[in-house]
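In the form predicted on its own, a lone chain appears below as structure tokens.
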């Protein structure tokens, strides 16, 4: 089988600190795959390596068969990456920001317009796109940024803590955006979160990462059945005690 993402014996050191320890997993094409675990477990480091923003200390990572080190430029052309703390230019309107970002990917004005229209549908901000981003709530900003990440129809979308810090209403909206968009467009996604209930709703399969190691992997239903748990939080608690 050809995988969308292949991670094999991935290690990352920050000085003497061993952040990732022989991390291995594969992501199928069209799958929503979740990396779950507490803060500091290694989720963001893993995503940044897949997104070509960090170099691995050792190991191999491939995106649709392309090595993220040797073929970094090619990988960047087919992915989008949304960091947890991403921001936008607060003095631009939502439309101006989307126009600027779309123009980085396509030059034809008609194609730029199509991307903006796609983003408008994704974010659902309607008339507020005419307002300056500095007036947006955190939830509105996150919806705009998710739309920016998805409007280009990447082959792989990498989303780091997509609903971190959002209220219930905006969190639910962002989750629906992600799930509906992935199904409609057959986009492969990797999502990291410490919110295990969120990942359970979104993901086809998940990997539990703890202290830089993958300690469990499977579909949410498989893992819950295996550990006789009602949700992934219970699964994680039981597995960590055994680790």
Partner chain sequence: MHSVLIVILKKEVKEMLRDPKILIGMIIAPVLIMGVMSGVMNFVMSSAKEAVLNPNVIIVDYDNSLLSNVVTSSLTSSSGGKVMVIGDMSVSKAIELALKEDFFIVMVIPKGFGYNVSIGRRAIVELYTVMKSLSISEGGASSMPSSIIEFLNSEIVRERIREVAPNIDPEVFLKPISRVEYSVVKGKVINVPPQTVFSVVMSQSVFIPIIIMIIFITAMQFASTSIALEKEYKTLETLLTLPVSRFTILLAKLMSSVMLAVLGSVSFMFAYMYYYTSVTSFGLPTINLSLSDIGLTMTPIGLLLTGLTLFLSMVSSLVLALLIAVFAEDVRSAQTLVGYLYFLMIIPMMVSMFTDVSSLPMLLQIPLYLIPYTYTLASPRAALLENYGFLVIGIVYMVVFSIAVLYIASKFFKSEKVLTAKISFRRSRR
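Fair warning: this is a prediction, and the values are worked out from it, not measured in the lab. Numbering follows the first chain given and starts at 1.
The protein also exists as the form predicted in complex with the partner chain; that form is not presented, and the subsequent description refers to it.
Discussion item. I'd like to check something about residue 17: if you look in the model of the complex, is any of its heavy atoms closer than or equal to 4.5 Å to a heavy atom of the partner chain?
Written reply: Judged by the heavy-atom cut-off of 4.5 Å, residue 17 is well away from the partner chain in the model of the complex.
Discussion item. So in the model of the complex, is the partner chain close enough to residue 172 to count as touching (4.5 Å, heavy atoms)?
Written reply: It does not: once the partner chain is placed as it appears in the model of the complex, residue 172 has no heavy atom within 4.5 Å of it.
Discussion item. Is it the case that residue 52, even though its partner is missing from this view, gets within 4.5 Å of the partner chain in the model of the complex, heavy atoms only?
Written reply: So residue 52 counts as contacting the partner chain.
Worksheet item: If you check in the model of the complex, is residue 87 within 4.5 Å of the partner chain, heavy atoms only?
Response: Close contact exists here: in the model of the complex, residue 87 approaches the partner chain to within 4.5 Å, heavy atoms only.
Discussion item. Please tell me which of 128, 113, 155, 76 lies within 4.5 Å of the partner chain in the model of the complex, judged by heavy atoms.
Written reply: Partner contact (heavy atom, 4.5 Å) among the options: 76.
Discussion item. I need the one stretch from 21-29, 229-237, 8-16, 216-224 whose residues put non-hydrogen atoms within 4.5 angstroms of the partner chain in the model of the complex.
Written reply: Only one stretch qualifies here: 8-16.
Worksheet entry | Three-residue site 83, 96 and 101 fully in contact with the partner chain in the model of the complex at 4.5 Å by heavy atom | Checking in the model of the complex: 83, 96 and 101 are all within 4.5 Å of the partner chain.
Item to complete: Output the sequence-ordered list of residues from 112-144 with at least one heavy atom within 4.5 Å of the partner chain in the model of the complex.
Response: Counting only heavy atoms within 4.5 Å of the partner chain in the model of the complex, the single contacting residue of 112-144 is 132.
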